[in-house]
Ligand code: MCA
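Given next, in C-alpha cells, is a single chain: the form predicted alone.
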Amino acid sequence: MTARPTPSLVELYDQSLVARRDQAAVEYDRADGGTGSLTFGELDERSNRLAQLICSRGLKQGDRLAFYLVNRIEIVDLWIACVKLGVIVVPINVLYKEREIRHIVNDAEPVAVVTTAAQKGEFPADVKCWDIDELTASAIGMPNKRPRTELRAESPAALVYTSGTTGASKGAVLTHGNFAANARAVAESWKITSDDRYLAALPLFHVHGLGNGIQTWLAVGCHMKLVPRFEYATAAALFEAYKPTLFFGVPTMYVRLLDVPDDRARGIGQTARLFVSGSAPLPAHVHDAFRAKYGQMILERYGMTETLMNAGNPYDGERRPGTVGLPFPNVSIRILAEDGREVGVDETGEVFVRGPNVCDGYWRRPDATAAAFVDGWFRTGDIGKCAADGYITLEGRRSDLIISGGFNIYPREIEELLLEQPGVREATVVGAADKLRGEVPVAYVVADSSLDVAAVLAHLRTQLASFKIPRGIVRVDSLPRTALGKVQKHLLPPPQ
C-alpha cells in the first residue's frame, strides 16, 4: 500500500471544522450539571478566539503550553487552538503529584500550565498557572480570526511524557504528521465515518484518548459525547442514553462492564458496533465473557506513547484473543533477536516499528533518541512473536514495566522513593496480578525492625499518583541478586 501524503492537522481538521461546520459535533457535561452541545463551526470559532488570546499572551510557534485537567470541552478548544498556532501541547496526568509534575515542567519548560483554580495547589509556587475558566471567559471577547501559521507534517504538535526503565520521564515529540497518519489509519482500519457516535470516556491527557479518540473524531466528523471520566455506577445508563456506535476503553473498564445485567448489556451491544481495548493486555476470559454478555467481540490493539497505533485485530476477520492482531496501514513491524537477526515464525524477540506514526524522538534527549532507533526502526522494548498468518502476540517488556488499569508504572521511580525513607536499606517493586487492574505494584524491602509501613505508604501517597502506590510492602531478610548485583525479581516470594 502506498502511503498518502500526510497533511498538517489543520488540513485534516478542516474536513470537519469547515466542510461540516453546521453539523452537530459534540455533546458534553457542563460545570453547572447541565449538558452543552457544539457544531463543528462553533468549535472552529471557539478555537480561533482562544488562539488569538494565547497569541496575545506572547506564545508563538514552537512554544509549549501544558494542561492539567480532567476531561472537559475546554481541552478540545485548547488543543485545536494550539494546533492552529503551532504551539506544542504538553498533557499532564491529573493523578500526578508535585514531584512528578515538577520534572515535566522543568523538562518541557512550558510558558504556562492551564488548570483550574482548585488544582493550582498541586503545582510548585514558581510555576505559572492559567485558570481555564478565566481563559475561556477572556477568549469570548477576542476576534474570530484564524491564525496564519506555516505548518507541515514535521511540525511538533505535542510532548507526551512516558517513562524509561530508570524512571526518568521523557517527552516523546509527536508531530502533526504522526497524529494525522494515526487518525487516518484508525478510521480506515475500523471503518469509522461521520455516521458514527463516539463515547469518549478515556482521559484526554493520555494518547489513547487524545491520539486515537479526539484525532479520529475530528478527522471523520462523527458525533462525540465527552464525559469527565468513566464511572461504573452510571456507565450502563450512559450507554443507553447516548447509544454510541464506538467505544474505546482499557481492560479495567471492560471488567467493570461485565457487572451490567445481561438484558441491559445485550441492548447496549445491539446499538454499538465496535468496542476497542488497549493500553494493557486484555485477559482472554474477559474477551469470552464480554462476547457472551454483549454479543460483541472486543477488538484489541497495540500502541505506545511514542508510536501511537502499531497494530490491531481486524474489523472484518478473526479477532484473536491474546494477540494484538496485524500491523496498521503504512506501519511496518519486525521482530528481532538480541543479535539483530529477524526471528522466525512463533519465535520470540523484540518488537521494532517503522512508519509515519512513530515520534520524532525524545525532547532534548539525543542520547535517548539515538538508543531508541536502529537503522530507522523504533525499538519498542516489547517482547513478542509473529504467527505464520501475521498475528502478533506480545509476551512482556524488556524492562520491568507494570501496566495497571492502562497506566504505565516504572518500578525504579517507586524504589528510589522507598530508599529515601528512614530504615529502608534495599527495595524493589514488582507487578502482581490483579483481577480488576491487570497488575498492581507490590514492594519488597529490607528494612530495620522499627520501620512503620503505614507511615511509609502515607508518605508515598503525597509524592506519587494513586495508581503507583504499592498495594503492599513485604518485608524480607534479603533480596535475591545475581553475581553482578541485579535483583532477581522472579525469585521473590509471592505476596500474601
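All of these numbers come straight from a predicted model, not from anything done at the bench. When you see a residue number, it is the position in the sequence shown, counting from 1.
The discussion below concerns the form predicted in complex with methylmalonyl-coenzyme A, not included here.
Under a 4.5 angstroms non-hydrogen atom cutoff, methylmalonyl-coenzyme A in the model of the complex lacks Ala31 among its neighbouring residues.
Heavy atoms of Arg148 never reach within 4.5 Å of methylmalonyl-coenzyme A in the model of the complex, leaving it off the interface. Under a 4.5 angstroms non-hydrogen atom cutoff, methylmalonyl-coenzyme A in the model of the complex lacks Ala237 among its neighbouring residues. Remark: Leu418 does not count among the residues lining methylmalonyl-coenzyme A in the model of the complex, judged by a heavy atom distance of 4.5 Å or less.
Only one listed stretch (88-96, 126-134, 337-345, 107-115) carries heavy atoms within 4.5 Å of methylmalonyl-coenzyme A in the model of the complex, and that stretch is 88-96. The three marked residues, Ala187, Thr216 and His223, fail to reach methylmalonyl-coenzyme A in the model of the complex, with no heavy atom of any inside 4.5 Å. Though methylmalonyl-coenzyme A is absent from this view, in the model of the complex it lies within 4.5 Å of a heavy atom of just one residue from Gly355, Pro244, Gly303, Gly171, which is Gly303.
Residue-level contacts in the model of the complex: of Lys293, Lys385, Arg72, His206, one residue has a heavy atom within 4.5 Å of methylmalonyl-coenzyme A, and it is His206. Shown without its partner, the chain has Arg256 as the single residue in segment 255-273 with a non-hydrogen atom within 4.5 angstroms of methylmalonyl-coenzyme A in the model of the complex.
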